Structures are given as structure tokens and as C-alpha cells.
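Read on for two forms of one protein chain; each stands alone as C-alpha cells, with the labels structure 1 and structure 2.
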Structure 1
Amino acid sequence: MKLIRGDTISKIISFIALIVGVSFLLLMLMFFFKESSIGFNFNPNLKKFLFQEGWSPLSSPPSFGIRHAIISTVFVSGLSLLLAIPIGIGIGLFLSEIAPKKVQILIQPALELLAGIPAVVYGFFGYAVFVKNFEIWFNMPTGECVLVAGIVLSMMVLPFIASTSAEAFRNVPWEYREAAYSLGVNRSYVIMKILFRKALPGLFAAVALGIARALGETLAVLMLAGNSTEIPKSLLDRAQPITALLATELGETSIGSEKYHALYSAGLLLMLVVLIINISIWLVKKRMKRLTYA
């Protein structure tokens, strides 16, 4: 009787937590929509806002396009994920399948420590090491650029992808490995033909976590990307991703102004992109899980 009562209380608490979490997300979306340009306040040309106009709030007339921020976000986040995903999955595979127990005991806490380091520390490290050296190596007036921001952001994303990937590989039942080895195949075959296939749903979760982290990072990107409203044309150009734009401009914006609503529109766009990416990966992960364990 006590066990049944305890289960009922746990279900009620879990259900309340679920309702609170979902309600908080919906309220955030409603608030951003209300305060944004595409909400109830004013309605600019969405095509110009996203793809044509530049960000120049002090010009006459002012323009509030975020084309430069969208391109900068794609550059910085894409570069960081391009570096972090293969390395992170490789580290996860090494930890779960190849590394001795003593090495696992050392590396796993190190990954957790890296994940817990504040963003400002990563930003300071990038500024002290990469920015100064890039000025010398590439003869740049300032070393702040897309490449520096992408490298440091990949270092921030890497622990999350590596830890989640290692867990995905560990969750593959040992029976699959034993059955394969009993047939005389080598470790490379087991890894490529069995483990990767069975761990795909978990690897998709690792990629989703990395994407969310990369798109949402603010402080380190603000410190290292250069905070320029010009559109970056190469990895050595300065940039201003959406998160850096919000952090730079929102504190100096009067409530209810056109600039205020434009910034909330940029924030709403970022939220929607993250939601769409995560939902898409969740659907692909669900489909892969059905195909994998069918």
C-alpha cells in the first residue's frame, strides 16, 4: 500500500514538473512573440528584416535588419560543430570501447570539468591565446574573428558531445559485441558495422545537444567574434552572431522602441530555430530507433 502511494505521489510530482516546464516554454514563446516586430506591436517587411537590410539603428532612417547576424551565427556555430562533432564522437567511442578503465577514470571527470567551466573563462583563454597569436600569424589589426570564435566555441561544445556519445555507445547491449566477436570479426568491423548503427539515436541526441549549446552561447562569442555588423566573407573576418547582437544592444534600448521590438524578433527567431532543429532531430532519432531495434 505504501509503495503504491509512493508511486502515485511520484507520478503526480513528475506530471506537475512537466506541466510547469512546458508552460514556461510556451509563456516564453508568447512573450517573445508579443514583444517582437512580428507580434502585436508593428509589422516590418520580414524579407528585409531577415535578408536585405543591415543593422544601423542610428542612421536616418534607421534600419534593423539582422542579415549579418544570421550569417555570422551560421559561420561561427557551423565551424564549431564541424570541429566538435567528429572529435566528440571519436572521444566518446574511445572512452566506451578502447580506453582502459584507468584512462576512463581520468578522462570522464575531465570532460565534466570542462563542461562546467564558465563561458567567460573560455573567452578569456581565447582572447589571451588565440587572438594575440592570430594578430601575428595572419598580420591582422585585431585577432578577433570567426575562426577564433569557432575554435573556442568548439572547445565549449566538445565535452557535451563527447559525454553523450560515450553514453550512447555504452548503452549498446554487450550481447551484440559478443555475438560479433564470436564470429571472428575484428574490432573495427564491430565499431563500424554494429556499434555506430545501434548507437545512432544517442549520437543524434549528442548532436542536438551540441547544436543547442553552439547556437545559445553568448559571452565567449561576444568576446572573440569581433562584434562587427558587417557581413563576414571569410573565417578571418569579424562577425556578430545573434546572441552577441542581443547582448550588445538590448541593455541600451528603450522599452517599446522599434529597436527593442527588432531585438526581440531576433531572439524569437533564434528560439524557433533551436526548437525546429531539436524537434527535427528528435523525430529522426525516433525513426532511427525504430529501424535500429526492429
Structure 2
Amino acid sequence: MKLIRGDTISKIISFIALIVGVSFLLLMLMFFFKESSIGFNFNPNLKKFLFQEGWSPLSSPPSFGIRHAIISTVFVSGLSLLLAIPIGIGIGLFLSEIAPKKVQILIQPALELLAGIPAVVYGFFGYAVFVKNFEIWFNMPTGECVLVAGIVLSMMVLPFIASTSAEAFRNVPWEYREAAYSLGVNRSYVIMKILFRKALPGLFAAVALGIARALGETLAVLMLAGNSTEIPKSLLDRAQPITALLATELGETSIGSEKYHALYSAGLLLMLVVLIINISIWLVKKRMKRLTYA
């Protein structure tokens, strides 16, 4: 009897712990909707908020469109993914198909090291190495630009793409390679025709994870993209991705103002995009599970 009572109590305690923790997170979501829904009301024309108006809080009347931030985010994270996806998947293939055991043992912790360096240190590194030199190489007044932010951001997402895709390739059973090689084909043929297809869901997860990381990264782009509310037109232009906009403006915003709600709306947008990406990863995984057991 005593045993059972102890068990019930522990069950209740752990249930309460879970509920408290999760409800805090739920509260966060709800609070975000509350703070930003007003923002969306302030901009009854959502299209205008997202795509048409510029960000000029000091003009009269002030306008709080985040078009420049959306374009900057697409530019910077697009560039970083353009660099990180091929190299990251390449590292994944290298680790699972080519690398001798000893080399694998070296690269794995190196990638973990790369993933463990804080964003602000990357920002500092990019500032010390690239920004300073870009000013000299390209004769720019200030070296912060889309290109620098994109390069540094690609280093940050690289380890995630690399290790997730290595896992995706390793999960392809050995028999597939043996069956293919026994027909006398070479490695590139096996990789292109079989491994990429078999590892597709895992690669999708790797890329989606990379996109989510790149979109949400704040400190590095804040320090390296240049924080300009102009729309960037080239790789050497300054830009202000959504996360940088939030980090720059929030400190100077009075609570409840139009600008305040516009910022929370931008945050909500960012969060929704990341959540959609995550849900799609989950759906792909679920679909693949069903297919493999079919």
C-alpha cells in the first residue's frame, strides 16, 4: 500500500513539473501573439507591413514596415546556406563514405568545437578578420556587409548541416552500397544514384535545420551586417536582418507604442517561419517512417 502511494505521489509530482515547464512555454507563445496581434492591427494592411513600407520611425508620420529586414534576412541567410549546404553535405559524405576511421575521429570533435563557439565570438571573429580586411580590399568606408555576415553565418550553420547529413548517409544500410558496387559502378555513381535518394529525408532535415539556424541567428548578423535600414542591393551593401532589427530597436522603444508592436510582429513572423520549418521536418520524417515500414 505504501509502495503504491509513493508511486502515485512521484507520478503526480513529475506530471506537475512537466505541466509547469510546458505551460511557461505556452505562455510565451500566447504572450507573443498578444503583443504582436496589436501590431498586426496597427498595420491593418499586413501586406504593407511586410512588403511595402520602409522602416523610418523618425519621419512623420512614422512608418514601420519591415520590408528591408525581410529582404536582408533572405539575402544574408540565403548566401550563408549557398556556401554551407554544399560544403556541409560534402563533409557529411566525406565522413560517411571516404574518411578513414582515424580522420573521422579527428573531424567529429572539430565540428563539435565549431558548433560550441558562441555566436558573439563568431561576430567578433568576423569583425576582426573580415570587416577590417574588407575595408582595405574593397575600399569600403565600413566593412560590414551582406557578404561578411553571410560568410560568418555559413561557418556557424556548417557543423549542424555536416553532422546531420553525415548521420543521414550513415543510416543508409551497408547492403545498398555492396549491392551497387557489385555491379561494377564507381563511388560517384553510387552517391548520386543511391545515397542521395536514400538519405533524402535526412538531408532535408539537415538543410531545414540549417535554414532555421541561419534565420534565427542574431549576434553575428547584428555585428557584421551593418544595421542599415536601406534595402541591400549588392553583396557589399549593408543590411539589417529581422533579428538584427529586433536587437537594435527593442532597447529604444517605449512600451506599447506602435514601434513596440511592430517589433513583436516581426518577432512573431520569425517564430512562425521557424515553426513551419520544424513542422515540415517532422512531417517528412513521419512520411518516411510510413514508407519504410510499408
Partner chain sequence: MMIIYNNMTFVIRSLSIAYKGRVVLTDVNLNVPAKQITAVIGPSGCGKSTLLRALNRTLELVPGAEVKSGEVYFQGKNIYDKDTDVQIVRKRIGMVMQKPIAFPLSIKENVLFGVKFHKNFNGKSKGEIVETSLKTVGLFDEVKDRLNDKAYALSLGQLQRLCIARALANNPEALLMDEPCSALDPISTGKIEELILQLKDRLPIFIVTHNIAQAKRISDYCLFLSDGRVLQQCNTLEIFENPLDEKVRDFITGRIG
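Basically, rigid core = biggest C-alpha set you can superpose within 1.5 Å across the two forms. Sequence positions of structure 1, starting at 1, serve as the residue numbers. Every value quoted in this text rests on a predicted model; they were computed, and no experiment measured them.
Where the criterion is the form predicted alone, structure 1 meets it and its counterpart does not. With the core superposed, Met30 shows a C-alpha displacement of at least 2 Å between structures 1 and 2. When the rigid core is fitted, Ile281 shows a C-alpha shift of 4.7 Å between structures 1 and 2. Shown is the Cα shift of Gly21 between structures 1 and 2 after rigid core superposition, which amounts to 8.2 Å.
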